[in-house]
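Single chain ahead, by itself, as structure tokens, in the form predicted on its own.
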């Protein structure tokens, strides 16, 4: 970014990202397609850089949330398959034809709409259909599913159905019986649609075992180095590092307080440092008095509240402050991976990644 802050850096390792994708390919069955979920600007990491890296790793199928995101992918690559998870929410269906996009149909109303549209043309547009097997979010419900199965030849006449899918609600917990019940339900449905791809697994589903592979999986967070299951072992490489240089160093005396609300009070004379990073950059306010950062192997405490544009840390253990004044301190990285960082504030790596702000200077490593 041209005007990005020169003191704070978001490093995105595209080599590690590609290695994570290839590791997933080795984990699934030989003929299983590994699609990549790149919604929300590739989980905040920049789809314009992430997409080419995945294409170089032979990924040909991508999932996004919205039509705008799908059109953005088309600007980058004209050949890959692009599925729109939010379905048929646009008024101008000509966009689907123009950009060769594949809507994921989430109810019979959407199916009828695209069927009417395609009835005007000779060439069939590709579609996917989402069946709800227990998430109660998007997808055809039980009544609509039964109706479609019974009247499939009448309801799907003008469209080219290339994929049916569902979504696991509890794939983050391998012990949940709901995973198996959803798979059982989807297996019943997919028997009626033998001539297309079948998919139920996200990142967590990939780790549930090969019976959940079917012939397509749709990983997201695992590609970007985040854990997707409770108590998960480290399966994938760290992709993101957040680093920052000090913008000020000063001394405070015993009894002095730090930050809004005076939530930190010095018990002795201290050296403190300030970084240009805050909740305006997606660095959560929940890290206030509750975060460790690193310089080499030295762990440093964040003190006081996280402000919109700055945080403060305890530098008292450093004897030579001149030596560290231009060093890059690690907020997220190999010493402090995203999965550890998110656990400290009881959230998930998805939220940390997608909230990372636009003010950082981004450095892509390939």
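All of these numbers come straight from a predicted model, not from anything done at the bench. Positions refer to the first chain, counted from 1.
Just so you know, the form predicted together with another copy of the chain exists too; it's not on screen, but the next bit is about it.
This chain is displayed without another copy of the chain, yet in the predicted complex the stretch 137-145 from 208-216, 137-145, 74-82, 190-198 comes within 4.5 Å of it by heavy atoms. No residue in the set 97, 118 and 155 has a non-hydrogen atom no more than 4.5 Å from another copy of the chain in the predicted complex.
Although the partner is absent here, residue 290 is not a contact residue: none of its heavy atoms lies within 4.5 angstroms of another copy of the chain in the predicted complex.
Contact annotation for residue 69: at least one heavy atom lies within 4.5 Å of another copy of the chain in the predicted complex. For the chain shown alone, residue 248 is a contact residue for another copy of the chain in the predicted complex, at least one non-hydrogen atom being within 4.5 angstroms.
When another copy of the chain is considered in the predicted complex, residue 111 lies well away from it, no heavy atom lying within 4.5 Å. Only one of 276, 183, 161, 102 lies close to another copy of the chain in the predicted complex, with a heavy atom inside 4.5 Å, and it is 276. If you take 263-294 and check each residue for a heavy atom within 4.5 Å of another copy of the chain in the predicted complex, you get 272, 274, 276, 279, 280, 282, 284, 285, 286, in sequence order.
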